[in-house]
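Have a look below at one chain only, the form predicted on its own, in structure tokens format.
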């Protein structure tokens, strides 16, 4: 076995920190370099499905820690714009059959909790990574302050705008989804929301959602066609645009401090030829950025981290381990990117008639098909 003593990671997002934790638990020294000078405090959240929660548990980040950063999901209710439930997915039952709950989590708290599991000083902030290269049997990561970090392996987990992706794949244009959005956390009475339920609203030309992330705290999100951008930049404009989307959404917007609303531009990348070159490799959005419409971005990054740790610690040379990692993950993640594009269209149909047909299809979906779709999502096989 080729001994790996030190791995340098660009990026302290979900993928970078999950990888750092997995490598640390495997006895490998890790250094993480993050361009932002303070921990990420985005007032947002996301769904972690059963399969990625199990991967984190393998790294020692188990149910007790998950309960501290989120709330388990029992059901996902898909509603149309008028508020009618068109499908109810048994997420809790299916997830438990797979070995773990699925969760709605608070992004900033999850990242901080994972970082707290790492040795002090593992994460260095305010240092953007600009380049990486392989020389003989060593990897080097270059920082914006001209520092050059030597390691056995460099991993680019630096997101959709990855600087290290260009080292491996050259310039990679973003594929704009045509949709914009915003999201936030807000305080809301516990009685206002169904307990442990993720509500996803499929509207006409847009999408919305809300779910509890801890008692009295909810996360919500909105998406809309990009050409409507100018109409939805302020809290007042959002309230006007979503006035007929149901009380839960308007109540959440009203309960949110305007400065806490995070605005998003949704994009993905097309498949790149390879994820690694020499002793430099990509992970998460740096390798396969997707839109949130497939609800898999953070989950895929965590699974990337788990598969890479396994490959690096199972008696493989570094080059062979990176090839195994890429072979295992590349097609799967590229399929999810394509699925995200399809889901963006399905969930945000503009035609009232097409939306009605979609709603009817989900209303009359057999229970076994609903359970199958739920299982595909919770297991990561959809």
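Positions refer to the first chain, counted from 1. The shown structure was predicted, so the numbers you read here are calculated from the model rather than taken from an experiment.
Note that the form predicted together with a small molecule isn't included here; everything after this is about it.
J.: Would residue 16 show up as a contact with the small molecule in the model of the complex if we use heavy atoms at 4.5 Å?
T.: Yes.
J.: Is there a heavy atom of residue 295 no more than 4.5 Å from a heavy atom of the small molecule in the model of the complex?
T.: Residue 295: contacts the small molecule in the model of the complex.
J.: Should residue 356 be classed as touching the small molecule in the model of the complex when contacts are defined as heavy atoms within 4.5 Å?
T.: No.
J.: Test of understanding: in the model of the complex, would residue 285 fall inside 4.5 Å of the small molecule by heavy atoms?
T.: Because a heavy atom of residue 285 falls inside 4.5 Å of the small molecule in the model of the complex, the answer is yes.
J.: Among 159, 92, 246, 278, which has at least one heavy atom within 4.5 Å of the small molecule in the model of the complex?
T.: Selected option: 159.
J.: With the distance limit set at 4.5 angstroms and only heavy atoms considered, check whether 70, 195 and 378 all reach the small molecule in the model of the complex.
T.: Not a single listed residue reaches the small molecule in the model of the complex, so no.
J.: Tell me which stretch of 165 to 173, 84 to 92, 263 to 271, 112 to 120 has a heavy atom within 4.5 angstroms of the small molecule in the model of the complex.
T.: Heavy atoms within 4.5 Å of the small molecule in the model of the complex occur in 263 to 271.
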